[in-house]
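The data below hold one chain only, encoded as structure tokens and taken in the form predicted alone.
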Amino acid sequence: MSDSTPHGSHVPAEGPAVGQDEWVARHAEQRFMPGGPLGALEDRIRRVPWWAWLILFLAAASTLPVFEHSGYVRYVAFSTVLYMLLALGLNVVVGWGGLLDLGYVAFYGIGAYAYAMLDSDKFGIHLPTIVSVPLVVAIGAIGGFLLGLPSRRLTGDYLAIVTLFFLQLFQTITTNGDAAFGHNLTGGPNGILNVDPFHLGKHDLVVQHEGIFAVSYFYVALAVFAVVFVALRFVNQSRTGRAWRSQREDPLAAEAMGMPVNWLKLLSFSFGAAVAALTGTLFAAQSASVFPLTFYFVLLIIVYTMVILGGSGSQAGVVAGAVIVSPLLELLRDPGKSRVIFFLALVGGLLLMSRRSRALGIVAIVTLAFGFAVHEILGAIDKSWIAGEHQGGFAGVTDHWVVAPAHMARWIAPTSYIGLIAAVLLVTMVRGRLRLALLVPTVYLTAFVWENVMLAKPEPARYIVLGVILIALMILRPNGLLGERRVEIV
């Protein structure tokens, strides 16, 4: 049979060309790339070189202090860069190595405490920054290697338990280290104070300038981030990086192909711990003190959220996760700002529902009408049921939509909260028109609980909001915002 296709022309294959990379690429594209304008936009964004995005991001971040003179905002930006570094380090262990490390934050604390011991009045040691920082990074890398030694044959839950024990051990030692063998090593609950700032050249980087956060630490952290990002990028593209991803997907197959799986696990632990320890030096130098409660389990959950939200395995993804989560947590501290975020998310969700299908669009419209009707009916029965104050953004609109009692009985808060959980579970269990009907009171009950229960407790509320956002994103994009495309033939 003669081939009628002109030489050099490209005709898409009708079926899977087994063993050819282009077929795998097409299969992944069909599974994970959305259609329409969003798909085309995402495809074009992915075609831009990574170094161009990095330069653009660094340039935009560098201009922040120029336009924003608030010391608080600048400090939040500095903290965000620290989160970006922590997310990059955790991505090495979890995203590339495929290891469930729950002791990662301990290396962040080890870096901070090691720098504090080497550059403070605690032991009278004041090493130059150019000596102490590389030494701390080496300590972190060795610590990660040592943690990996007894756990290199463990996977899954067993590895998580061992690493979680390591985090608890670190917290116990730092909290009770003021009486270790008759010596005060860590300062105990009081921590280590008067930590030296970074010394570059002939000048110390001051922590504050006229009582305002010194922006120099932000630029130093940004420079460290750029170096770490590029270095990890090269590592990811190397044989070691490819081997990490292979053993992440299937350790048994990787080992059968001759890859040193146990050694790869040790390397991932070591690289991630080194990045965390480096980040700890930045934190200790800027804070001028370290305390054991700083490196707690909640911090680990936040960093994991950034990695999962942005996309495990993607450097750009975990950085994007940090950039989103860190400012969001700060905004949610303020009840007024958190109220704006909640109702913007609610309106956005209703609009998304209306775009996905006509039935969901009807649900969105009925939900709005249902809220106004409930508000009017309860107001006609008893004015005190709708006489509560609405503060913050959208107060003028929600005054006539969300019920806010002037004096809420004690049983209302727990009952409505538990009822909301039960309603959400019920919605996930039913199908068809019944689910659509239950969505209406469930969405309204969510707004009621937020307005009357959660706003009174902004600290736990911000973590709940973060969890809800994470769950919603995982439903829409299981790989995260910029997660790696993984092909699974089923």
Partner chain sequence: MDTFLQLTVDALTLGSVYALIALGYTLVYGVLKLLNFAHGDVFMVGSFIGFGVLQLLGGTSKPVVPVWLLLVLMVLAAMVGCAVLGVVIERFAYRPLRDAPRIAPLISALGVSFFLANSMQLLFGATPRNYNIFDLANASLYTKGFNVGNVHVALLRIITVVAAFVLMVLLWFLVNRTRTGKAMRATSYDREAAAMMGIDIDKVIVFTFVLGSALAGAGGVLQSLRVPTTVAIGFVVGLKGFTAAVIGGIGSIPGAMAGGLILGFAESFSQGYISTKWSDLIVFSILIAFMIFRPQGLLGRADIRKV
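Numbering follows the first chain given and starts at 1. Note that the structure is a prediction, hence the values are computed from the model and not measured.
Absent from the display: the form predicted in complex with its partner chain. The rest refers to it.
None of 276 to 284, 197 to 205, 153 to 161, 111 to 119 except one has non-hydrogen atoms within 4.5 angstroms of its partner chain in the predicted bound form; the exception is 153 to 161. Contact here is defined as any heavy atom lying within 4.5 Å of its partner chain in the predicted bound form, and by that definition not a single one of Pro49, Phe218 and Met306 is a contact residue. Looking at Phe57, you'd find every heavy atom of it more than 4.5 angstroms from its partner chain in the predicted bound form. Although the partner is absent from this view, Phe370 stays clear of its partner chain in the predicted bound form, with no non-hydrogen atom inside 4.5 angstroms. Using a 4.5 angstroms limit between non-hydrogen atoms, Phe145 is distant from its partner chain in the predicted bound form.
Contact between Gly313 and its partner chain in the predicted bound form is not found at the 4.5 Å heavy atom cutoff.
Of the listed positions (Leu438, Ala61, Leu445, Val453), a single one reaches within 4.5 angstroms of its partner chain by any non-hydrogen atom in the predicted bound form, namely Val453.
Residue Val94 is the only one in 65 to 97 with at least one heavy atom within 4.5 Å of its partner chain in the predicted bound form. The Cα-Cα distance between Ile475 and Val347 is lengthened by 3 Å or more in the predicted bound form relative to the form shown here.
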